[in-house]
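As structure tokens, one chain now follows by itself in the form predicted on its own.
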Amino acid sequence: MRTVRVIGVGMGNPRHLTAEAVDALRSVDVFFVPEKGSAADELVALRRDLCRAVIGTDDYRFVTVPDPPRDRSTTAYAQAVQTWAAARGDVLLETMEAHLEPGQTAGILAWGDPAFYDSTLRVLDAGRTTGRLEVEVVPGISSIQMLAAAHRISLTRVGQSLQVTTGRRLAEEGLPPGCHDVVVMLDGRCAFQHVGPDGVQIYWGADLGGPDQAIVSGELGEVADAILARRAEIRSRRGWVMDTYLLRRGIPHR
């Protein structure tokens, strides 16, 4: 039996790791990271830097895992993602069995918290259900929490619900009816610019908790262009950007 620890590492700032996450990092023999190429390789370097900063020894190894391509031409999005996750799981299990001795501990570093739009746990399902892996999860500080802290706001309001969704869903369906506070993640298309701006505020943040943190807030119709420009500048300079935002509507009187 091989043990895999899925460790939430927040936005990559060592100061934002929980004590439990630090202990988990120091227990790992081999870290497995996806190899996606191009700008994504910088995220591998960030993982290495994080481990170097907090572990304090070099008694561990990094092994890159080839990332199978995903079919982006199909309209069956959910099925394509499920097929991709299964393929990733097969490759990951093969790589682990080749590089990890029984009794050793594997580590997978998840950005933010593994509970929010991270595919790691789905990828590991096959190994867990067949008894080939023992999976442990260590929570981390999510970008959602960092967003609220950066803007000094509460994400929830009295008697109101909070919905977390993706840019894809926002673009296809708009703001969900009856919900006045919506956190949007994984929005590479900046779907907020297609939302009717009347009465909507946005709280946006990129590189949250990092040295290049950028935040913008205000009435959506007034600050959307500023967000688009700031996001484009970051992406041009770094090759990638990780951002999230809250859309907030006024609550109608009853």
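This one's a predicted model, so the numbers in the text were calculated from it and none came from an experiment. Throughout, we count residues from 1 along the sequence that is shown.
Below, we turn to the form predicted in complex with a small molecule, even though it does not appear here.
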property	result
Selected contact from 242, 24, 234, 17, since only one has a non-hydrogen atom within 4.5 angstroms of the small molecule in the predicted complex	242
Interface stretch in the predicted complex with the small molecule - options 152 to 160, 77 to 85, 92 to 100, 110 to 118, non-hydrogen atom within 4.5 Å	110 to 118
Any non-hydrogen atom of residue 185 within 4.5 angstroms of the small molecule in the predicted complex	yes
Proximity of residue 227 to the small molecule in the predicted complex, heavy atoms at 4.5 Å	no
Residue contact check: residue 246 to the small molecule in the predicted complex, 4.5 Å heavy atom	no
